[in-house]
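The form predicted on its own is given below as one chain in structure tokens.
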């Protein structure tokens, strides 16, 4: 069960050219939230928006499509989206909230729903939780070092970053592409990522990532009843183009391999910590 429970798994991309223009891959998160906003399924979505520093995300509550469009694309450093969950209900007065996050953040959402300590009346207002695939993340200073020192590119000139095919990529506004081997990035990873046993956001309503599909498409796992309801309605409304995900080494098999690799590698970290009393008794909940 390294891929978690799911009802449907497909390759998909948005049919909205405006969304695709600045999307990381298939524009799944932006499109699904835009549809949910339009149909009143959510009142707003907590997403990783832009900040004053280039490529440093800042959580925002998006209540319009324009705000969702401004938050498009992957930022490879953590955006503390959970920190806005209470404020979204209090300051913004939202009753139906969408939230996107990494696997650890999806775990936090579900824990808050089970044990709402200090979050009274908040967890019940999460109407749609979208998770993204994540192998590891980086502090902002690490991203600066990777882009400016290793790729020799200024942060403000970067239009897109990507991780794939064993490399870290930085694309610039003038069309240049810089790349470095992933082995160079490992020492820059956040240590907390090394104890995570979830690659595909098992606890989200819908989870998505680029692995397993061609360029410009995304792999989508529809996991819950809520996710299935929203995804089915959005698909019926023509929001997505879908096709069957491949089962071979470039499709679902690759997703499974990476999910297994993350679990295997990080399980060793957990076992090592247990030998000196840290995290003793932890086990892999996905096997």
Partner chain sequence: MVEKITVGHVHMSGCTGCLVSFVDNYEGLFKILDNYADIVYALTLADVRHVPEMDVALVEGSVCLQDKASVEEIKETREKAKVVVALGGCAAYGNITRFCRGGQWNQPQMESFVPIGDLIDVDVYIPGCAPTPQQIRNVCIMAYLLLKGTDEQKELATAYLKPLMDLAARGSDAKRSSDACGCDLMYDVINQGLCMGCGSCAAACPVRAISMEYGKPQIERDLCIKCGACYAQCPRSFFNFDVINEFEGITELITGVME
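Residue numbers count along the first chain shown, from 1. Since we're looking at a predicted model, the values are computed, not measured.
One more form of this protein, predicted in complex with the partner chain, exists but is not displayed; see below.
Contact with the partner chain in the predicted complex, defined as a heavy atom within 4.5 Å, holds for exactly one of 208, 213, 89, 105, namely 105. The contact residue chosen from 196, 94, 151, 163 relative to the partner chain in the predicted complex is 196, the criterion being a non-hydrogen atom within 4.5 angstroms. With a 4.5 Å cutoff on heavy atoms, residue 127 does not count as touching the partner chain in the predicted complex; it lies far away. Though the partner is left out of this view, residue 256 does not reach within 4.5 Å of the partner chain in the predicted complex, counting heavy atoms only. Looking at residue 273, you'd find a heavy atom of it within 4.5 angstroms of the partner chain in the predicted complex. Contact check for residue 72: every heavy atom lies farther than 4.5 Å from the partner chain in the predicted complex. Heavy atoms within 4.5 Å of the partner chain in the predicted complex belong, among the stretches 53-61, 35-43, 245-253, 229-237, to residues of 53-61. Of all the residues from 122-143, those having a non-hydrogen atom no more than 4.5 Å from the partner chain in the predicted complex are 123, 140, 141.
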